[in-house]
Structure formats: structure tokens, C-alpha cells
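Just the one chain here, laid out as C-alpha cells, in the form predicted on its own.
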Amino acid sequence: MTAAVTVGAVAAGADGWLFGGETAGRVRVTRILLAVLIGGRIALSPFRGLAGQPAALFRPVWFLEWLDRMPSLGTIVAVQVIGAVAAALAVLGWRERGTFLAAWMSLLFLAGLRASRGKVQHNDVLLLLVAAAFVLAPVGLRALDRRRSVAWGWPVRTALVVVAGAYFLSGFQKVVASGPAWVLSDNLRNIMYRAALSGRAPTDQVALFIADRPALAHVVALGALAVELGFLSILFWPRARPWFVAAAAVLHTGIYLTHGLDYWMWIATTAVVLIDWQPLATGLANRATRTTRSPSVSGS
């Protein structure tokens, strides 16, 4: 009986948190920023290089199994144009649910193509999962609207759960797969030596600097694990969120410098979700209003 009551209380608390109140403006600003990230990713990523891959090497992910080969260059470019335009229209608020959905689906298609080359790709996963919540979020809101309601809370808080869960599960998988050896063994040193030999990073000096110093390698391994597992705290400790944005930036910059892996969208998505950008938007709007209304100074 006590266990059932405890489980019920936890469930009620989780439900109350997930459907807690947020401002209408935060939903609108977050959707705008996500649309900017999606549009930029679609327009600037080299998806066109996927065209021409031999059909025998095409291994479609589950939602692209209806394709038997990589699409033509014309098809890929068309999807890029549609997605970028749709993202721009979503930023402007024109039929934002439909345009945001079109942009999201375009990135999903293109990211799926990238992952259909026989190798798992996680570059765009976090952005796609977070944006999925905002496909269904309320529309027609104003960025400067400070009204707070449970109707506007669930998209923001679902996105927080997605970000926290993505990082936490990355760390948890390390614990399950390696246990204490992830930190205490030479595992990370070996990873760094292999990374230095791969030639993918912009320099091999960072990876070799870590690999050549066993104590430093243990500290880096522990730090990465602590950051990933600690991400759950953002759900209960709002003041920690900016610090975890910074920690994610350091983590992924380190991964880029040692492995050459492109996880910039993880940094950007984490920043968009964890930081409430609406006060900044309000401040900029108020400053612009004061500038417009201030009397001009005429010379004598």
C-alpha cells in the first residue's frame, strides 16, 4: 500500500511538473529559434553530397525504407529549398504550424538520408526530437506575451526532458557498458590515440595531449561522465541550466577538437531549450521602443 502511494505521489508530481505553467512568449521565441536552427541546418549542410551514392551501399533507416536508392541531386536540392523557405516562414509566423512542420519534415528526411549510409548519425537527433514537441505546441502567440499558463508549459518542459534525457542516457550507457572502467582504465586514452590516427580532427595535438597523460585522461573521462549524468538536475534546478549549456559547449568542442565530429547543433539546441530567451526579446523590444519614442535633439 505504501509503495503504491509513493508511486502515485511521484507520478502526480511528475505530471504537475510537466504540465506546469510557462509564458506564452517563451513558446513563441523557442519555436522561432528552433526554426532558425532547422533552416540553417538545411541550407548550410552539404546534403547535396549524398546524391550519387551507389544503390548497393544504400541502407535506409526505418522511415525511409520506401526508397531503394539515394535520391537524385535535384530531389535533395528541392527538399532543401522547401525546408529552408518553410523555416523562414515559420520564423515570420505565417501559418506557423504547417510551415514549422514542413521544415521539420525536410530536416528529418535529409538527416535520414545521411544516416542511410550504413553508419548511425546522431548529429541532428536532439534538434529533431526537441522540435517535434513544438510541431504540436500552441500557435498564434506573441513573443512578448508574459501571460503564464499550463497550456504553454508542456512544450517547453517536454523539450527540457528530451535534452536532459539525451545527455543522461549517453552517460548511463557508459556506466552500463563499462562501469568504473570508463574512468579508471585506459579506455579513454585508447580512444584518444585512435582519434589522433584517424585524421578527422582539425588537429591531433589535443587528443595526443590527453592520451599521453594518464591522470588527465581519467579526469576528462570523469568530467564527461559527470556532465552527462548531471544533466538530470536541469529539471529540478533551473539556476543550473546556464552552467550546463556551458558544460555542453565545452564537451562538444572537445569532441570536435579530438574526433572532428560535428555536434554543433547539440550545443545550439541545448542553449535554445535551457535558456529562457523571452526576457532578452522583451528587453530588446523595449529598448527599440524607447529609441523610437525619444525626442530628436535639434542643433541651435
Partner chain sequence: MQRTAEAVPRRTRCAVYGFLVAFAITGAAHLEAWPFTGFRLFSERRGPDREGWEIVAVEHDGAEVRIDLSDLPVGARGSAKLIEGFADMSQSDRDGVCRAWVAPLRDEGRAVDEVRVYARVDSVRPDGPPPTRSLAYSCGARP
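The model shown is predicted, which means the values in this text are computed figures rather than measured ones. Numbering follows the first chain given and starts at 1.
A second form of this protein, the form predicted in complex with its partner chain, is not displayed here; the remarks below concern that form.
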* Residue (of 50, 247, 33, 274) lying close to its partner chain in the predicted complex, criterion heavy atoms within 4.5 Å -> 50
* Pick from 63, 264, 243, 237: which residue has any heavy atom within 4.5 angstroms of its partner chain in the predicted complex? -> 63
* To do: Answer for residue 72 alone: is it within 4.5 Å of its partner chain in the predicted complex, judged on heavy atom distances?
  => no
* Asked: Would residue 140 sit within 4.5 Å of its partner chain in the predicted complex, counting heavy atoms only?
  -> no
* Does any heavy atom of residue 229 come within 4.5 Å of a heavy atom of its partner chain in the predicted complex? -> no
* For residue 177, is any heavy atom within 4.5 Å of its partner chain in the predicted complex, or not? -> yes
* Report the stretch among 215 to 223, 75 to 83, 149 to 157, 88 to 96 that approaches its partner chain in the predicted complex to within 4.5 Å, counting heavy atoms only. => 149 to 157
* Decide yes or no: are 44, 201 and 254 jointly within 4.5 Å of its partner chain in the predicted complex, with each residue judged by its heavy atoms? => no
* Is any part of 146 to 172 within 4.5 angstroms of its partner chain in the predicted complex by a non-hydrogen atom, and which residues would that be? -> 148, 149, 150, 151, 154, 158, 161, 162, 165, 166, 169, 170, 172
